[in-house]
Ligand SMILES: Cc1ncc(COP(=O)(O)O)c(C=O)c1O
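Quick setup: one chain, the form predicted alone, written in C-alpha cells, and binding and motion questions come after.
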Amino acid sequence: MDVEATCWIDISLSAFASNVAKAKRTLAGDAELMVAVKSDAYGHGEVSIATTALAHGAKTLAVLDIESGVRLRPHVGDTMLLAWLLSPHDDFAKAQRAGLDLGISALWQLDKLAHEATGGPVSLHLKIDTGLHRNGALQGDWVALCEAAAAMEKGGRVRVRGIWSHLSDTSTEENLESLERFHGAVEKARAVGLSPDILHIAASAAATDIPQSRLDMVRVGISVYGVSPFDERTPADMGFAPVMAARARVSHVDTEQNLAWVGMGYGHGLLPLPPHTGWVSLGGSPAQLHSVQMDHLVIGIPHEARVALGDIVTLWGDETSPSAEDWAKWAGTIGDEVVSSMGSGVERRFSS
C-alpha cells in the first residue's frame, strides 16, 4: 500500500459481481438484466464495473449520455449501451458510429437523427411518460412520435428496438397504474406499425414487488452498488453488499484538544456536513466528526484510543463504519450522491 496516499477508495469487484448475480436471479429472473453505469458507474469506475457486470449476469448497460457510451464502447464489445440523456448539442453521428442505442422521447430528437445520423439504422428505445415526468413523451404526443419513428424505420434510418418508461415507485398502486398506461402506449405503437423486441419499465423496487413489471428487461442502478435507493429498505434487506469503501489517513494529531486531522475533504468530493455531525471509524471505534474542510476532516479521538500519523480512517463502506446512506442523511441527500460525488482524482483501488 502506498504510504504517501492521504486518501483513496477501495472498490470490491467481488462484492459487485455477487450483487449483480443476485439481481439477475432475484430481480430479473427470466428477463434480461440491464445495469446502469452512469456517472462513472456512480463513482466506482465505469470500465471495471461494466466488464464485471457483463461477466456476472448483466446482458446490457445503461450509460445515460452519448459521451459515456462512446468512451465505454471499446471495452464492452457489441453489448447494448443505452443512452437517453440527450441534448441538442450532442453529436448523434458519433452515437451512431459507436453503435449506441438511443432513448428517444421527442420529435426534435428524431429530426436531429435524420439530419446527422446517415450511416445506417440507429437502434432506438421510445420512451413514454407513465406518470413520473422524467423526460418521457407525454400521452398527447406519443402517437405522433411513434408515427414519425415508424416512417423513419420504413426508410431504413432507424430500428425501434424497445419501448420503455420509468416508474415513480411511490406505491404499488401507482406502479400498477403506470404499468397499465405503459401497455396502452405499447398497443398504440404497434397500431402504427412498430414491433419492438424489448419492453422495459421496472427497476429494483418494482421488479421485487410487482413481478409482472419485469417484462423483457429489468434495469438496476445504485442498488447493485450496495447503496439503497429506498428510505425503508437497506442494502442488506435487498441482499446486496457495499462495493465502495472510502478511506483516508490521519495526517495530524492534536493531543491537547484530543483531535485528529484526516486527509480527505470536500475538495476530494466529500459532501459538506454541518459541524459536529456524524462519525467515522478509527481502528474499528467510532470517532465523532467535528468538521469537513477542503482537504481534510477533523475528528475527535475516541476515549483512550491511541492515534498515530498514518492510521487509517474508514468514512463509510465496511462493517465498523457508517454507510453511504448514513452520510446521505447527514448531508440531506441520497446515497447515490455520496458515492458519485467522489472526485476522479481520488485513487480507486480495485480488489477481486
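Residue numbers run from 1 along the displayed sequence. Because the structure is predicted, anything quoted here is derived from the model rather than measured.
Keep in mind the form predicted together with the named molecule is missing from the figure; the text below concerns it.
**Q** So, in the predicted bound form, is Val243 in contact with the named molecule at a 4.5 angstroms heavy atom limit?
**A** No.
**Q** Is there a non-hydrogen atom of Tyr42 within 4.5 angstroms of a non-hydrogen atom of the named molecule in the predicted bound form?
**A** Heavy-atom contact with the named molecule at 4.5 Å: present for Tyr42.
**Q** Flag Trp84 as yes or no: does it have a non-hydrogen atom within 4.5 angstroms of any non-hydrogen atom of the named molecule in the predicted bound form?
**A** Within the cut-off, so yes.
**Q** Answer for Arg134 alone: is it within 4.5 Å of the named molecule in the predicted bound form, judged on heavy atom distances?
**A** Although the named molecule is absent here, Arg134 would touch it in the predicted bound form, with heavy atoms inside 4.5 Å.
**Q** Could you tell me which of 70-78, 231-239, 101-109, 163-171 sits within 4.5 Å of the named molecule in the predicted bound form, going by non-hydrogen atoms?
**A** Stretch with heavy atoms near the partner: 163-171.
**Q** Of Ala189, Leu113, Ala203, Val280, which one comes within 4.5 Å of the named molecule in the predicted bound form, counting heavy atoms only?
**A** It is Ala203 that has a heavy atom within 4.5 Å of the partner.
**Q** If you check Val313, Val298, Leu54, Ala36 against the named molecule in the predicted bound form, which one has a heavy atom within 4.5 Å?
**A** In short, Ala36.
**Q** For the stretch 199-224, which residues lie within 4.5 Å of the named molecule in the predicted bound form by non-hydrogen atom distance?
**A** Sequence-ordered list: Ala203, Ser204, Arg219, Val220, Gly221, Ile222.
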